[in-house]
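Below sits a lone chain in structure tokens, taken as the form predicted on its own.
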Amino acid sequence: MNHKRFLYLDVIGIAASIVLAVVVGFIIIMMVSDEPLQAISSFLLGPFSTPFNLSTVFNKAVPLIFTGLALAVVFQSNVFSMGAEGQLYVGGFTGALAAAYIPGLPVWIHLPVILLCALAGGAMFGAIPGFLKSKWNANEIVTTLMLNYVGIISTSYLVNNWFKDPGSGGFARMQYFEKNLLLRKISDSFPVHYGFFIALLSVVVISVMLYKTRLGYELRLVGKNEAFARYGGIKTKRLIIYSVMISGALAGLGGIVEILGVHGTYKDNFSANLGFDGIIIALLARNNPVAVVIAALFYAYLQVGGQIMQAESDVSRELAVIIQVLLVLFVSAQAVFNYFKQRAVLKHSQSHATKGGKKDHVA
């Protein structure tokens, strides 16, 4: 009963945080805009105004689902990784190498090979901070943040020098991939690429892994109480590495799906902080894989709404960024509040149990 009550309170708190962030954003619009009603209307309704705008929301949500899912997995094991950005670049790069430089394969073999190479690249890059954490207890926040720069700068160097398309001019990119390797659109009128369904399939796989398998149970147990898990015979250090590798694999898969669905080749700096946005998605979703989809769609809706608002009114789309920042602050504050609330309830229940034990002893 307490678990259900906490769940309801959590949902209500997140919804209240969203509403509060949007309301504060609207107050700012009223203060800075000469046409506030037009700006608010464009922001709220613009993403739904045309099939193209709505499809843009779905396409922007695809990489956010992958990075949010990646961080939700690793957060559940109580490892606060911030390395999804670098893992996305490395996974996208290794997948792009397979797309551009493995010739002669039929599409139905070549495309899975590309996806597997991206998974492997992200997982191997993610294994580095996982190993450092398990072996020497290196702080994962520091190592993953620093390795982001290693991944981004290394791939940038390679695509600017060794793998740059000679015909790209001043643009740092690989050669364009064959068209049959690209992720097609659902239709011309609703151009959502099929990467969205790969993202949904990934959500299903991760949900089953987390809640229906021994590995998922052990990952969640380590996240809740590492000492208890170790006492129960679980090899916690190995599981920490596994969790970061799974997270890296998902981020890498998100990188190659974004490349195949949107860009058609590997471009330098193709990610607009997608890995860091994944932290916000995981926070909003409370590390629940299914809720990641809803959070990613909402976050993408804010981004598209900001772009349309800028195009149709005198308000810059940076206001949408302000709303996103406020959203993070409010949701984080709500998470801290729930943490202390749960601790208080736990202490209360323990004190009742102690009193009950004393009464039984006296009797």
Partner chain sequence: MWLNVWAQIADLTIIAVLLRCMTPILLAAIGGLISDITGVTNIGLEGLMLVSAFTSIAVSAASGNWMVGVVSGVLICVGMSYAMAFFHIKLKVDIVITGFAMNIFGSGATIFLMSKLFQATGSYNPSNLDKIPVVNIPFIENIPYVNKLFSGHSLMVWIAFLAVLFCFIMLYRTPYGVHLRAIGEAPDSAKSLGIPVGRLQYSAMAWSGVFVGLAGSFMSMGMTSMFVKDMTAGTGFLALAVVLLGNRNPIGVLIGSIIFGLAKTFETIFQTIPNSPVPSQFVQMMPYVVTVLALVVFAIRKQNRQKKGLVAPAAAKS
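Residue numbers count along the first chain shown, from 1. Note that the structure is predicted; figures quoted are calculated from it, not measured.
We do not show the form predicted in complex with its partner chain, though everything after this point is about it.
With the partner removed from view, the residue among F58, F26, F330, F298 that has a non-hydrogen atom within 4.5 Å of its partner chain in the predicted complex turns out to be F330.
Residue I279 is the only one of I279, A291, C117, L182 with a heavy atom lying within 4.5 Å of its partner chain in the predicted complex. The stretch that touches its partner chain in the predicted complex, counting heavy atoms within 4.5 Å, is 153-161, out of 241-249, 174-182, 153-161, 103-111.
For the three residues L37, I40 and K267, a heavy atom within 4.5 Å of its partner chain turns up in the predicted complex in no case. Taking the partner from elsewhere, L319 is found to have a heavy atom lying within 4.5 Å of its partner chain in the predicted complex. Of the heavy atoms in A138, some are within 4.5 Å of its partner chain in the predicted complex. Within this chain, T143 lines the site of its partner chain in the predicted complex, having a heavy atom no more than 4.5 Å away.
Within this chain, L274 is remote from the site of its partner chain in the predicted complex, having no heavy atom within 4.5 Å.
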